[in-house]
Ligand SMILES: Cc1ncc(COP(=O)(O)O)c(C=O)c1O
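Here we start with a single chain on its own, the form predicted alone, put down as structure tokens.
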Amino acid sequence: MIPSPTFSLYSTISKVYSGVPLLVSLNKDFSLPVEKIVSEAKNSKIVMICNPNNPTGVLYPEDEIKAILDTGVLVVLDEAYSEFSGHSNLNLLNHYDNLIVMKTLSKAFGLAGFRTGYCVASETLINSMSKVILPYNLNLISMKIMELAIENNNFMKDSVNKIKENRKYLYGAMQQLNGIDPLASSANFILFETENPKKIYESLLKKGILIRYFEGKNYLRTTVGTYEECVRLIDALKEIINVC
């Protein structure tokens, strides 16, 4: 079961491994449809939740995650963006054996090119996964880089704090633009709704600014960059909106 919209590869990878993705639509405000998930949990082997969610940036409350875990179904939490939210559900592992928390060094640590990540779960689940994991699935260089990054994480914390500051500016500036309706985000990106998403996307591209376009949807997503990049985006949006 996959609350949607979310990271598209969950569904794709499920199909690759002969799974049947059951997509459950998020509520209109992009919150988690907890009651529906709980009522249908018995029909699923796994509930896959990205928290904060991609592409919405919404952080789901811990009580909602616990309500789903209480059904007994296996819950996989993808916390790729958790550092930007200041919250993690790792503490729930002390109380639930049906939880797997996935972490990555691609986002907050800025190490996407090293393709490194890890998961935390009960000993029973880890032993089961170890039976089918590929031997030497991580190369030695990536593993050492990951160790060093975790041991010396002050750079990551400083970077995350800067992104949070820039996110606050970007969100506030977007709220002042006509025709732009940004969604409050707990990640390092902001989803915003607009009536002319394709035109805005193409106009920004001509200005050398690349954001995420969703075919057939009325929203776009932008990464929170440096302060200078955020100002450049806002200035470009002002020009484009005046033309539109």
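All residue numbers refer to positions in the sequence shown, first residue = 1. In this text the structure is predicted, and so the values were computed from the model without any measurement.
The form predicted in complex with this ligand exists for this protein as well; it is not shown, and the discussion that follows is about that form.
- Checked against this ligand in the predicted bound form, the residues 122, 153, 71, 106 give one hit for a heavy atom within 4.5 Å, which is 106.
- Note on the partner interface in the predicted bound form: the residue among 180, 50, 200, 32 having a heavy atom within 4.5 angstroms of this ligand is 50.
- Segments offered: 159-167, 131-139, 75-83, 89-97. Contacting this ligand in the predicted bound form at heavy atom distances within 4.5 Å is 75-83.
- Proximity of residue 144 to this ligand in the predicted bound form: non-hydrogen atoms within 4.5 Å are absent; the residue sits far from the partner.
- Although the partner is absent here, residue 186 lies well away from this ligand in the predicted bound form, with no heavy atom inside 4.5 Å.
- In the predicted bound form, this ligand sits within 4.5 Å of a heavy atom of residue 54.
- In the predicted bound form, the residues of 4-30 lying within 4.5 Å of this ligand by at least one heavy atom are, in order, 7, 10.
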